[in-house]
Each structure stands twice: as C-alpha cells, then as structure tokens.
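Shown next are two forms of a single protein chain, provided one at a time as structure tokens under the names structure 1 and structure 2.
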Structure 1
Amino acid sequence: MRRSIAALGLGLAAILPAADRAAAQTVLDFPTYQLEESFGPWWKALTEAYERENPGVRIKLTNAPSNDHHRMLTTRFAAGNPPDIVHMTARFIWGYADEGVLEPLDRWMDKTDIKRSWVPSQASLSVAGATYGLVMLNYGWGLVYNEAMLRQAGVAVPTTEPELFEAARKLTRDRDGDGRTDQFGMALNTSSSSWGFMTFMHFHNGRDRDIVQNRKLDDVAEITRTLARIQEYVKAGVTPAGLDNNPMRQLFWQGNAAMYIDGSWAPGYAERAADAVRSGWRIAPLPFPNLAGGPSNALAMPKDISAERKELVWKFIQMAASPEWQKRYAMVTGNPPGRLGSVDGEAREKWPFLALFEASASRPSRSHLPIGFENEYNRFSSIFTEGMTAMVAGRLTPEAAARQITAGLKREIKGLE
C-alpha cells in the first residue's frame, strides 16, 4: 500500500510541472481554410516558428473547408467568441469591419514598412480610414492553356480578347465524330457562385471599366456589352453553359478544354492532371489590356479579445509579413506574396510561371471590387450572377439581364446611384 502511495506521489510530481506549464501557456486559436491546400506547409512552418520564438504561446492551427470556415467565422463573431487569428477570403473583410467585429491594425502597422512595401490592393482593406487586414495574396491571373491542343489546331497564344474568342472557336472540336463537342476551346465559369461574378469582372475590367465609380454603377449599356460578350462564348458553344469552378478546372486538367482563366494557385492542380496535360500545360498573361485586381485573402484581428492577446496576434501577423517569411511564401506555395520584391531567383526557378503572376498581381489596373461598396461584395456578386445565369440559360437577353442587375443593385444597396 505504502509503495503504491509513493508511486502515485512520484507520478503526480512528474506530471504536475507539465500541467503547470500547460496552464501557463496561452493558446491562440487559428482556423484556416488553406491548411489542406498548397499553402498548408507554409502556415504550419510559420506557426511552429512562432511557437519557438514565443515559448509561452501555442497556436491551435485547425483546418476548415472554405464555406464552412466563413459560416463558422460569422457564427463565432456573432456569439462574441471569435478565433484569435482571423484568416479569411478578403471579400468578407469589409462586411466584418462594417459589422464592428474587427480590430483596426493601424496603430501597429504604422510602425512598420508594410503600407509602403505591399501590393497596391493592401490600401483597399480599409474602412473609414482604418485598416482591417493584411493582404496575404493578391489576385494574379493567367490564361492556362494546353500547348499541344493549340499547336495541333495551329492557333497562336491569344494576346487580345478577340483573339481569345477566335482561338476558343478553333479549339472547340468534336474529337470522336459523334456530333457532340468533347473538346471545349475555353472553359468559362458562368455559374451562380462568386466565381461567376469574377468571370464578369475579368471581361469588364478587361475592357478598362470598373463596375462602380464615384458611387455610381456603370451604365446599363456597358454592363450589357460585357454580358453580351460572355454570351457569345456560350452561344458559340466554346464553353459549357453554367460551368462552376471545379468542373471548369476538371475540363481543362482532364484534357477536355484547351484554355481557362485561373489564379496563381493553378500550377497546384497539375499534379492531379491527366498524363497528356501534365506535361503540356502553359500559362500566358491574360489577353486583356486591363486586369482584374484586388486582394484574395487576408489576416485580421478580432475586436473582442483581450489587449494581451491582440499583442500576441499582431506579433504573428508581423512575423507573417516579415521579408524572410514572405520569401518563403513564394518558395513554398508558388504564389506571389503581398510584400513586393519577395520573389527571388530560386523561387522563380522552382515555379516557372511565378514571375507572370507576380507581374499580374503587382499592376492591377482595375478592381474586381465595387469600389466604395466593398462591404456589399457578396450582394453584388449574388445579384450579378442571378442575372448572368438567367442570360446563360436563355431566359434573358444580355440587355434584360443588365437591366435586372442594375435594378436589383440599386434597390438592395443604399447609396448606389
């Protein structure tokens, strides 16, 4: 009996200091939707390095699928129980800032070089003069194409939008002669998801037009023109109608589409591509004179956490923004980081198309966002895709769709002229 008690005592003595240490640790909650993507290794390495530099702090890094992640964030903000480190798709940031759940970062950020050294879209993450996030990735776009298909059809890589349309027409084929198209020239997202809206913005920004300027929605005639152009692609049968992102990528990477538009993460899909595509895909600059720009995702800080936690979260954000970790971002993920000039020769060698995306990301001439109404981005996207999907399905003409979109936006969004 005495032996048992002594053993128990020894056991407790061994365990208690560890328990003490655990109790003394501060745990920062950090859910992200990028853990299972090509960005995952970078986030893991960053959190491990942070923990090494801050021995009393542990980061609870968890993965959540993108849609669930933002639903979870909204619920946690509403319940007053937000995660400590907030990572989100940038299109939600203005809405959350508007809802009063994010902390302005300027008092920390102003003491650093971030505002001077970052991609131009960093400036857009502000509401009423306060900055609410750090851009982790700026949208950089490219035209992903199947070189063998282009060569076989004798088509040059398009450098203008009319050339893109012509190339798409020539590349659309019935390969097995059964009367049905089985090779699409261009896979375009015309679905009701937010990426459908992005397709509209590629063509609209590409025509050197913003959707909102000085709180005024672009003319019905201009919206009609862009919609009509998208409709021409659908009517010509160069793209399946109503295509969403996953089927769009699947079409290309399985060798059933010759071209599609994607972001700097596109090379990540090559691993799962059909053998014939894996060795023959290339990326070219988008054949538009102007590009859709803007932030893709960002790090932010919740308002409802203690001052001590805010300091720790800022340390994490600052570490992510450091030149060293920004360089590693390019190297590990193959995407152009927010800090300009972070892509070195080694990264360019490892990722052959990184320079192209870097150039695209650092010089957006137009924004895919409704400037001045960024907090209404999701409503914009929803109303636009409602009209666009109705047009693609043949229910509305481009002009009727443009009128419906314009009326819907003006009805739903206060202050939009």
Structure 2
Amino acid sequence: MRRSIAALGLGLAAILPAADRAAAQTVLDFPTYQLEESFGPWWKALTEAYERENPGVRIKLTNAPSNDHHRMLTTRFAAGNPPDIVHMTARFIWGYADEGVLEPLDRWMDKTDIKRSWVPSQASLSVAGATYGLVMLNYGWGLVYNEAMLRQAGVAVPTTEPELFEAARKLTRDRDGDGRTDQFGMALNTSSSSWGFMTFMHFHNGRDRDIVQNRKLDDVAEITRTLARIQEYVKAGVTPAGLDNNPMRQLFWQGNAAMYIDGSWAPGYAERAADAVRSGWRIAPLPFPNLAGGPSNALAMPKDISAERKELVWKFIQMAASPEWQKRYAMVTGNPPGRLGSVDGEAREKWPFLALFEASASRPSRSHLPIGFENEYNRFSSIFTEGMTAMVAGRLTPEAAARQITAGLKREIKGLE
C-alpha cells in the first residue's frame, strides 16, 4: 500500500465496527501550497477539527512550495500515487479532468446547497457536465502601494493604466546616488512561470480583450499592443526584468518597490514586511477598466483511490464548504470565500481591504482563461511566457514575440483558429 497506515491498539479494534476500524487505519495525504501563507492557520484548524470529528482518521497536512506544487501533482498523478485531498490552482482543473484522473463530485455535491450558494465561477469547474472541483477562492486583485513613497514623490494613486505607468516612472529612484536604481516604481512578474502569463492577462483583460473568443485567438496586432505595453515598463527601468512572484513580493515588502499587483492574500505578507513598510502599505483597485477574473484555487478528489477514501475526502470537502468554516475562512485569512454571504462585519473590520477584494472578485467581465480551451491552459501559459520572456530579454520585438506566440499556439492546439 502506498500510503502510510496508522497502527491501532487491539482493544480499540475489538470494540469498533468494521467500517470504523477501516477508517481508524486511514491517513489522508493532503499537500497544499498555502500552508506557509496567510491561509495556513485556517487549513490547520480545519484539519484538526476534521480529525476530532472523525476519530482514527488522520490528515497528513504538508506544505508544497507554490512554484513546485503543480509539478509535484503532475508527477504523482502520472505515477499513480496522487494525494487523497487534492488542492490546486483552479486553472489546472480542466487539464487533469481531461486526462481522467479526477473524480466527479456531483453525486455528493448535488445533495448539498453548494451549487446554489457558491460564487458563479463554481459552474465553470465542470467538463462534459461533471463537476471536478470546489472553488475555494475567486480571484480578486488590487494595486498594493507604499503610501509614503507616493506622498514623497507627489504621486496620486493611479486610477488608469497610463497613470500607473507615469506613477511607476516617477517613483523609480536612485536613492543613494550610485548610478543604480534601488527603488523601483513597479514590480511586475515577467517570468516564464504561469504568473508571468497572468501579468500579460492583467494588461490584456485590462484593455477589455479576451485571449480567445468563440475559439478564435486574438489577433497579432492586439497581442502585440499588450506585449508592447509590458515592454515599456521594462525598457523604462521601472521594474526589474524577469521577476517571479517571490522576488516581486520581496521587492515591495522590503521597501524597494513602490507598487505591485497581487491578489486578496496580499495583506498576509505584511507581518513579514520591513518596519518602514509594515504601517504604510495600502491597497487600491487595479487601474484597469476590466479585470482578469475567474477561480483561483479549488479542492478536488483523485479518481484512483478506494471508495472508502473517497467518502472520507468528500467529508473533508463538505466540512470546508460548510457555512461555519466559510465564515472562518474570511475571518482568519482575510479573503472572500467561495460561499456567498460568508463575510460578516467582524471580518470586514479586521481586514480593511476585504471589501475591495470582494468587489474586485465580482467585477471581472473578462477571464484570464482561454475560454473553450481551459484544458490547454498549460500550453497557453508556456507558449505565451516563452515569447514574452524572449521579448523582455531583448531577443524579440513585441510584434515578433506576438507572431511566435500565435504560430506556436495554432500549431500546438487543435481547433484553435
């Protein structure tokens, strides 16, 4: 057996029914990339409560760094050794469902109020009429900024994208006069990771463009315009080139960048901020007419586990979805949960920017996903960031990068026009 088995005393085994004895020997494997983030205390509390309500069942809750989490899941599914409780970035749900490695949840979910009580994006986590995940969080975005830096530079909080670029330019400084930039106006993720693709989508959706509409890829001219705008930030030196998420956030929270774009989890980083930043950060709505929306992360279940384990995993998912634990989600993490109406006045008082993220999550009219090709998200992300990073490194012009991206996607993805 692949999974570790908890040993029980003979006395306990003698007094428990057969089904309970099976449960008493079960350890559910649950890796998440959120354990070291602001979500960690909620996952730990939920896991402990589940174990109390299900004596003998233990959850092996472990942290998996976000940059490696998806790679780890792919490797484990391929090896036939998936975690029992699957927590993943929602944009990968469709690909796994398409590969047939996830269990449809409808036979349990249809007996609950989840489909009637959840954010609208819950309906998107289905393939061929079957639901493969429970949305834990919808994307809500904000512009995180250092108020003192903006005040010192005489810069107002930007409310349009041109104002964002101009503010970033004015906020970029050589503080010690050594000829090198040591305060960047903006920290943008332009890496080859899927978050680099998200940067593209912030600007592209922000221009009121979808990347795919009616199975047609947006044209080269429109992709070029978005890439050229991102390139302007890099060429102006207002952001370092090739930043991934961790260095991007570190740059801001250590006081070396004035602004960056992040999700509703951003306030959780304040505890580890430099003293000068900890009391002076603020969050404003993103200065785009439209936002990159959609589900952020989800709970799912592997197909290749026993029926007994599936029942135990569903009990965990159902507990996470309960009104009590959804309310705690908002209170503990400061993020708007999937269940509608779960954010109360106490949570809003504790987390001053929660209402802003709630509004952001409900505002998008565009999606960061390639609609109709969600199961191809990995290839979209990979081909896009390959072209974008080549542009950022100076090897391609924005138009050449757009042509490379367009040709690559149409060559690799069947049915994309």
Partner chain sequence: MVTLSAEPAAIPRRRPRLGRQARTRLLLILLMLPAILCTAVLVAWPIGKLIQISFYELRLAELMRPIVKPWTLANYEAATGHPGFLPSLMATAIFVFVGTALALVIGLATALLLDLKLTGSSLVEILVVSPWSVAPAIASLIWMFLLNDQFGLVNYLLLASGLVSSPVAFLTSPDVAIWAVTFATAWKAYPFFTIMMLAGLQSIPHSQYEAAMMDGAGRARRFLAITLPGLRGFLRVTVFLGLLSAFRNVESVLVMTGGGPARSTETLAVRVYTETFQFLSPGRGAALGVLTLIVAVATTLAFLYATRKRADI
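Here the rigid core means the biggest group of C-alpha atoms that line up within 1.5 Å when the two forms are laid on top of each other. Model, not experiment: these values are computed from the prediction. Residue numbering: structure 1 sequence, from 1.
Trainee: Please state whether structure 1 or structure 2 is the form predicted in complex with its partner chain.
Mentor: Only structure 1 matches the form predicted in complex with its partner chain.
Trainee: Among Leu188, Val212, Met388, Ala347, which is located at the hinge of the rigid-part motion between structure 1 and structure 2?
Mentor: For the motion described, the hinge option is Ala347.
Trainee: Fill in the domain rotation here: degrees turned by the smaller rigid part against the larger between structure 1 and structure 2.
Mentor: Interdomain rotation between structure 1 and structure 2, rounded to whole degrees: 13 degrees.
Trainee: Could you tell me the distance the CA of Ile85 travels between structure 1 and structure 2 after a rigid core superposition, in angstrom?
Mentor: For Ile85, the C-alpha ends up 3.4 Å from its position in the other form.
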